[in-house]
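Below, in C-alpha cells: the form predicted on its own, a single chain.
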Amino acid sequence: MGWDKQRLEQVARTRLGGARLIVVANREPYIHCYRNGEVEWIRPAGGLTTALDPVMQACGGVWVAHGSGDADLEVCDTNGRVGVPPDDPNYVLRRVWLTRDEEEGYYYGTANSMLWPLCHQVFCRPTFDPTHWEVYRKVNEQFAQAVLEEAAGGPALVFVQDYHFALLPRMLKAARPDLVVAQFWHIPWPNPEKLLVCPWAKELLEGMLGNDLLAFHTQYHCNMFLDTVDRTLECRIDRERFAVVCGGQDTTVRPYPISVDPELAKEYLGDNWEVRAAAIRKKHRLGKRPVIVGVDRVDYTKGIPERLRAVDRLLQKHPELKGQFHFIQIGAPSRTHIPAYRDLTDEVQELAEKINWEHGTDSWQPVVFLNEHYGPEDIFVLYRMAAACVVSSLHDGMNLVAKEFVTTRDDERGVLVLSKFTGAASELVDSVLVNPFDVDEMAEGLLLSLTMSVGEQERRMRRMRAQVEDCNIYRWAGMLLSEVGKRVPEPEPPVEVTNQESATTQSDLILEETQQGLERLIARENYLTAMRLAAAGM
C-alpha cells in the first residue's frame, strides 16, 4: 500500500489520538502582502514549506512561524492566528511577531551567519557574536511561549523544524514535561571538531537533547551528532538504539530523508503549461533550443558559480555547441543583509556577463540569470520544459529541487545532473552524478545531459520517478509520526466535575496552565544561566 494524503490522515488519527499537532518553523507556509493597495497571499518558494504544507493539510493542527508579510497582521486575530490555506482553511497558522533587531540577531545573525556556515562543508567562516546569541535565545523563548499557549489544555506533539530553534525543545520540556517533542534538522550536521569551535556548543546540544525524537536526512549525520554529543556532554549514549539519555531525557536519533508531494506537479503545471512555456521562450528569446535550468536561492552552498564555470568550460571544449542551448539560472535573492550573500550575487552576475560576452552573439546568449523570486507555478513550468536540471550543491542535507524536477517529468524525459554531495544523491542514483568542485566533470555532465539518447533518458527517469513516488512526503511524515507517536499518552476519559469546579472557565484553566509552564521555563533558564556563570568562574 502506497503513501498518500488519506493514509497519512489515518496514521495521524491513530498515532496522535487526542493530541494536537503543532509544527514550529521560521518560515510561514502562506504570506499575506499588500499589492496595489489590496491584501493578497502567496505561497513562498522553498523546500521546507512546500514539503510540510501538504502534511499539515492532511493532519490539521497549528503551524507556528515568524509573520514576515507586510499584511500578515491585517488578517490575523488578536492572538496572531489565521486559517490556511487562505482559499480553503483546514489548519491554523499562528504568527509570531519579531522586531527588526530580533530578526537581525536571531535569523541573520546566529542562525545564518553562525549555524548555517558551521554545518555546511563550505569555505565561509562562521560569525560568533554574543549579542546575536542572546537574541537567538530570546526568540526561542518567544516561540516557546507561543507553542505553550497553543498546547494549553491538553496533550500535544510539537514538531520543530531546523536550526533556527536548537534551544526550543529543552525549553518546552522544562515548561511542559508531558509534551512530546520532535525535531527535524534539515541541514547537514558537521563533525565534532568543527561544531566544537562554537562557543555555545554545549547549549546547542543540550537544547536539541530536549527532544523525544531528533531526525536528520542521513545515517551519517546521525552518527556525527552522536559523536559530537559523546565528545561534549556528560550523558549516556546507547549506540544500539541510537539514543541519548541527558538530564533524564531520552532522545532517539534517527534518519528520515525528506521528500516532496508528487501530486503538486499536476497542480502547479495545470492544463496550460505549454502556453506558459511558450511565453517564457518568447520573453527570453530562447527559440526552440534545449534549455538547462538551475533553481536556487543565491546561497554559497548551492554551487551556482561552479555550474556557470562548467557552462564556460563546456563551450570552450565544444565550440560547436555555441548557439545550440541556453542555461537559465533562477537565483532568488536570499539573506541580502549578510555580506557574503551580496558578494555572491555580484559574483554570479559578473560570471554570467563574462560568459555571454566571450561566447554569445547578438542573437544568442548562453546564460540567462534571473535574480528574482519566482513562484512554484513558473518554476514547475521551467522544470517541465527543460532538457536538463542542474543541482550542483557543494553540501546539502537533501535538496528538494532535484525531486521536484523528477515529479514534473510525466513524459519520462529530461536529465538530472546532481551533485554527489547532496542527500538526494543516495536516492536518485539514476541521475548524472558529478563533483561540483571538478569543472571538467561538471562540463562532461552538462554535455551528457544535452546528448543522452531518448531511450536512456526514459530508463533513468522512470526509475527516479518510481523512487520519489514511493518515498514521498506522506511516507516521510507517516514514518516520523509512527515513531514519535509511540510516546503520545493515551487520551484520558472525561472526569465528572462538581458545579463549583465547572464554574472555572476553560479559558481560566488554559491561562493557569500556560502561566505555570512559563514559570517553569523561566526557572529552568535562570538555572542554566547560573550554571554558565559558575562554569566561567563569575
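Numbering starts at 1 and runs along the sequence shown. Since this is a predicted model, take the numbers as computed values, not measurements.
Unshown form predicted together with a small molecule; subsequent notes refer to it.
Chemist: Determine which one of 166-174, 250-258, 109-117, 430-438 lies within 4.5 Å of the small molecule in the model of the complex, judging by heavy atom distances; exactly one does.
Modeler: The contacting stretch here is 109-117.
Chemist: Mark Glu134 yes when one of its heavy atoms lies within 4.5 Å of a heavy atom of the small molecule in the model of the complex, and no otherwise.
Modeler: No, no contact at 4.5 Å.
Chemist: Does the small molecule come within 4.5 Å of any heavy atom of Glu444 in the model of the complex?
Modeler: Taking the distances in the model of the complex, the answer for Glu444 is no, it never comes within 4.5 Å of the small molecule.
Chemist: If you check in the model of the complex, is Val298 within 4.5 Å of the small molecule, heavy atoms only?
Modeler: The answer is no: Val298 has no heavy atom within 4.5 Å of the small molecule.
Chemist: Residue-level question: is Arg335 within 4.5 Å of the small molecule in the model of the complex, judged on heavy atoms?
Modeler: Heavy-atom contact with the small molecule at 4.5 Å: present for Arg335.
Chemist: Looking at Ile42, Cys471, Leu48, Met479, which has any heavy atom no more than 4.5 Å from the small molecule in the model of the complex?
Modeler: None of the others qualify; the residue that does is Leu48.
Chemist: Quick one: of Ile187, Val180, Val348, Ala215, which gets a non-hydrogen atom within 4.5 angstroms of the small molecule in the model of the complex?
Modeler: Here the answer is residue option Ile187.
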